[in-house]
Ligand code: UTP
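Okay, here we've got a single chain as structure tokens, the form predicted on its own, with questions on binding and movement later.
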């Protein structure tokens, strides 16, 4: 009976091939496989997802002033929670472990997670508050992340103010749009991109907890920037004072063609335009004082108004289709590890959520004080470059 229901569901979408090994599965495996099928987000498989368009224009600069006191008041009153996007592994660093567990210390252990937790603890101390910390993991990193942080006593962060949730996944498909199998009882999937953080969060009991605490703002940030300030009172205060639904921490671009997403307007709405989308003449255009018209490079540190997030939760953000090498189960039941790209993964991006907010405040921070991303083992945005910046800012390695 279960197989008939699954076949009916899959045949409507021309995906009935997924059941080719179903009869050979155990009772437990059949139940789990059925669960996987029911969890498929079919909307993610739409190859014709529309990306934003419209004329690109400069976004208004942030107002001048000191908004720190307002931010401290907001945090002290429990209005702000932090969301750490920590689902990735340290693959580029030569590790399959969660990226946040990577040790960047020189004379002593110093973990990426430790840097971020200490930064947030300093805000708690300043504001005499306890900012709720939500940590998004992935299926591959969840267990290891929880165990690592528990082993290190959460680096002094209050455990009762931490909640974990797992990022949703999306099926991988071959070049004909057919969903691939990883094994006879498992669909090949990949994390649905950092734009899926809020939809993943909504599947949990965490929103009810946040509501009971009176949280009105979520500061979302990436795991790899060890210098960033989280729940930064100045950032919070400026965004709240602006009356806007969203704020984005940005750095002034090092040059017109720096490979960073640029916060600007597109079609009259705030948007992040990737460097490869922007025309060269537009990228280097200046005002009457010789300043770049498009100077704001985003660093993946955003403040979102919860009320607005809930309002747009059902709206569809663009799905980015990326061709990748995807291991799969072949027709003869053997696992194939391809040498070239053989299928597609589907991702949503947090930069596309900025557009849904309708307005956004650019908040400029000093690059050398708040931007030390660790993306590579060597060279630009590497462990080495992050160490140098940490030392410049008085962090002992």
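Positions refer to the first chain, counted from 1. As the structure is a computational prediction, the values presented were derived from the model and not from experiment.
Only in words, not in the display: the form predicted together with this ligand, which the text now covers.
For the options 255, 77, 91, 211, the one in contact with this ligand in the predicted bound form, meaning a heavy atom within 4.5 Å, is 91. Among the residues 136, 226, 263, 303, the one placing a heavy atom within 4.5 Å of this ligand in the predicted bound form is 136. Checking 270-278, 191-199, 307-315, 247-255 against this ligand in the predicted bound form, the stretch whose residues place heavy atoms within 4.5 Å of it is 191-199.
The closest heavy atom approach of residue 222 to this ligand in the predicted bound form falls within 4.5 Å. Mapping the unseen interface onto this chain, residue 375 counts among the residues with a heavy atom inside 4.5 Å of this ligand in the predicted bound form.
Within this chain, residue 86 lines the site of this ligand in the predicted bound form, having a heavy atom no more than 4.5 Å away. Though the partner is left out of this view, residue 128 does not reach within 4.5 Å of this ligand in the predicted bound form, counting heavy atoms only. Contact annotation for 153-169: a single residue, 167, has a non-hydrogen atom within 4.5 angstroms of this ligand in the predicted bound form.
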